[in-house]
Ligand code: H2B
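As structure tokens, one chain now follows by itself in the form predicted on its own.
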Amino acid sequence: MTAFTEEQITQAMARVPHWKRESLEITRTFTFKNFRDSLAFVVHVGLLAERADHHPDIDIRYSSVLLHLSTHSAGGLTEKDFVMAESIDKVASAMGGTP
């Protein structure tokens, strides 16, 4: 899989409006009621990541979870990152996570 061009990244970012671009990755912080809900969300994200064979970097801080997505093997952002971001957004919405 090849890394997206700047134009492709701009178009794909419109699909995930709550995510932010930071150099060669996209990031988003999700907020939950407590640590248990944050941890449950991370487990769901982990299962998604395993199925997709595409693993985000994850930082848990009690009621917030920061995710970083990038396709390291391609040296940047690819369709895999944006598909994963969309899937993660659906999980967060179902679990009551807020941006």
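The numbering used is simple: start at 1 and walk along the sequence shown. It should be emphasised that the depicted structure is a prediction, and the values quoted were computed from it without experimental measurement.
Not on display, but discussed next: the form predicted in complex with the named molecule.
Taking a 4.5 Å heavy atom cutoff to the named molecule in the predicted complex, the contact residue among Arg61, Arg51, His72, Arg36 is His72. Residue contact with the named molecule in the predicted complex: His44 places no heavy atom within 4.5 Å of it.
With the partner omitted here, the stretch from 21-29, 87-95, 8-16, 72-80 that lies within 4.5 Å of the named molecule by heavy atoms in the predicted complex is 72-80. Contacts to the named molecule in the predicted complex (heavy atom within 4.5 Å) from stretch 1-39: none.
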